[in-house]
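Only one chain comes next, encoded as structure tokens, the form predicted alone.
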Amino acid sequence: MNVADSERTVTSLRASGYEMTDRADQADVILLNTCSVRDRAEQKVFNRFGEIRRKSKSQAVYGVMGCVAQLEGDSFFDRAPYLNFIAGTRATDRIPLLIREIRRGRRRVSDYGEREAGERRDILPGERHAQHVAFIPIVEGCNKFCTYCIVPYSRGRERSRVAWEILEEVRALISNGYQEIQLIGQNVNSYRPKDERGLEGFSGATPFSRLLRAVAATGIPRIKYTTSFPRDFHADIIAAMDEHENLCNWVHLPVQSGSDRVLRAMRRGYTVMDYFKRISYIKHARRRYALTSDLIVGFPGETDEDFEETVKLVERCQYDSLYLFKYSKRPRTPAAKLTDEVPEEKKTVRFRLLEEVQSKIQARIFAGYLDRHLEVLVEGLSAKSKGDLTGHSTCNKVINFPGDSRLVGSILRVKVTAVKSHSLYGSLVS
């Protein structure tokens, strides 16, 4: 979501006459986009500004945008006297106006307002993070209010884009040669637009499953989506994916804990059995789907028994990969007020134990890809092996293989010849 916000901001700045530079000493405006999900996010902003200011022009205009900006507000000005403007998470399109105010003589300006009615999300092809893969935000914000999460406070309540505008963006990307789109949102499957124009004629139990069918019908070669919320994961989503090969065979479904007691404390709104029911949709589908998830270890009050339940869940679900996090406080969240904290040493032990369990599962699953043929979108040159290309399969596996740089942007069939811890290696199938 932050990448998409940066792309949109650069598009609006370029439309206002600005050009991008990768050198701080050439920049007239220096803007940091910030994320509050990671620990010590605020301090990292000041550290980064400190690094940049040593190299930048004395008259440069400094700004901060994104989630940390939305949360900290004008208090940023008190800690950073050099800061000129602050833009909240819904003010991306108005950043050129803030800079204009500074140019006109104002010392400091800020904007934490909502998006204006009718605001479009057009992003110029040249401003996308990649030439062949594009992020398309379809829903922003969150209504879930999990006790550990800062997103509802930084991003606000859920707001879904109208369907016809999303489809229009997909068609424009097809015409510009894009091979893959990723529909994104804090809870992408919570999609509930006020206007469903564009979805007429598409069946589906939820607006999200109807949108998946409508996007698939555009003919774009590959469609992925992230991140899904378990409570909103309807069986019809998998039915839609089974019907359309261009809806890629990968589902990311964060569980966060395998203990019902901890899930209640997190205010996740589902039980372990509810989650297993969603997993059964995936495991019993017509196609084989790669399954990934997120887990938090050491949430306040988590006992050894709670942790054992989480280990059992991981062993039962058999994830292709797992994003593990040790719990850390986020100011302003309900969980930050909980006092029964798990000691850091115990968090580390549990983290390593779960990592070991997942490593064995992942090694077995990855080994099953040996000698298989995968469709791979070639995204660029491998950063780790000279002479190799790199890309992602439809099941979201990273795969490297020897090839000519002229193949970048192509969708190719690759035979897996070797398996590594977190990636695959292969050779082109002629």
Ligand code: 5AD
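Because the structure is predicted, anything quoted here is derived from the model rather than measured. From 1 onward, residues are counted along the sequence shown.
The following text describes the form predicted in complex with 5'-deoxyadenosine (5AD), which does not appear among the structures shown.
Contact with 5'-deoxyadenosine (5AD) in the model of the complex, defined as any heavy atom within 4.5 Å, is confined among 273-281, 294-302, 208-216, 77-85 to 294-302.
Interface membership of residue 92, defined by any non-hydrogen atom within 4.5 Å of 5'-deoxyadenosine (5AD) in the model of the complex, is ruled out. Interface residue remark: residue 60 is not counted as part of the site for 5'-deoxyadenosine (5AD) in the model of the complex, having no heavy atom within 4.5 Å. Contact annotation: residue 160 falls outside 4.5 Å of 5'-deoxyadenosine (5AD) in the model of the complex, judged by heavy atom distances. Within 4.5 Å of some heavy atom of 5'-deoxyadenosine (5AD) in the model of the complex lies at least one heavy atom of residue 38.
Only one of 191, 307, 327, 135 comes within 4.5 Å of 5'-deoxyadenosine (5AD) in the model of the complex through a heavy atom, and that residue is 327. Proximity to 5'-deoxyadenosine (5AD) in the model of the complex, defined as a heavy atom within 4.5 Å, holds among 269, 334, 254, 96 only for 254.
Along 389-428, a non-hydrogen atom within 4.5 Å of 5'-deoxyadenosine (5AD) in the model of the complex is carried by no residue at all.
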